[in-house]
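Below, in structure tokens: the form predicted on its own, a single chain.
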């Protein structure tokens, strides 16, 4: 039987299939089911910088502003500091998960400024998180800030978090960097031990009847996978960080494609939300069956065999293949396009 044990961020995992950051992490029973189905680790849902600030400001506006309304108000309206605001509930969930599971539990922070993230990272570590995933989800909207400013701010966040904790830190990226290998090398220098490819970009839609911007949760699809495979192949063996794939994985074969492109672990969210814990079981067994059919007895032996520096045809990952692909287009079934 193929040995699926792997290492991620220095942590020992029974399999390379990981529960990605999602609402599932708030459900302890769901996490137990996923562990029994073969999950190698779980990433808790993200703690958002904006969410904490909004909660604190809303409480201040509601309570403190009324407390100053008249001379007797302070005897009737409590001040906002008496309420549990901030990350307390999140930290409780980490402690509960850490106590209930035998697989690593990874905390997740989603922020854009250094600020209090070093303190929050320390709180996650103290709550029992085995590692921290720092989600660099940063929408550049300023006319006065260029890409180098954005990247410098992100590197400052990573550097501060890595210096504040002893547990390993991975960084989850969007695909929108002019030079992904260059930036990942900078992340390694800032202290990051792993990189997760990729965050799914926030894409609001427009309701033309109401003439307003609307938000919908859309699950990933298999069509999103090639972008991850390309990023993995460009980094594997070339940058000294461990790699994770996230997004577009819906089968055991999808996960194996990530592994042969260079992934140490593969994160799942959409497929679990859609199909439940049996999807985890099916994907873990699918990975084992495919690697066995390919002649591998350990998952590590398959890792990165088709990365840029190892692929029989490295041009398949490069610009030249784009030209060849366009030149090779033909109508389906040999018919005439019309």
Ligand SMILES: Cc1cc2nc3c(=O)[nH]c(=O)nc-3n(C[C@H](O)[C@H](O)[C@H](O)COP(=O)(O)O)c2cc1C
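Numbering follows the first chain given and starts at 1. What you see is a predicted model; the values in this text were computed from it and never measured.
One more form of this protein exists, namely the form predicted together with this ligand; it is left out here, but the text below deals with it.
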Using heavy atoms only and a 4.5 Å cut-off, determine which of 194, 252, 248, 87 is in contact with this ligand in the predicted bound form. 248
Name the single residue among 132, 243, 256, 268 that comes within 4.5 Å of this ligand in the predicted bound form, judging by heavy atoms. 268
Taking 4.5 angstroms as the cut-off for heavy atoms, does residue 10 touch this ligand in the predicted bound form? no
Would residue 208 count as touching this ligand in the predicted bound form under a 4.5 Å heavy atom rule? no
With the partner left out of view, is residue 176 within 4.5 angstroms of this ligand in the predicted bound form by any non-hydrogen atom? no
With heavy atoms only and a cut-off of 4.5 Å, decide whether residue 200 touches this ligand in the predicted bound form. yes
Just one stretch in 179-187, 233-241, 215-223, 155-163 has heavy atoms within 4.5 Å of this ligand in the predicted bound form, so which one is it? 215-223
Partner contacts for 1-24, taking this ligand in the predicted bound form and a 4.5 Å heavy atom cut-off: 20, 21, 22, 23
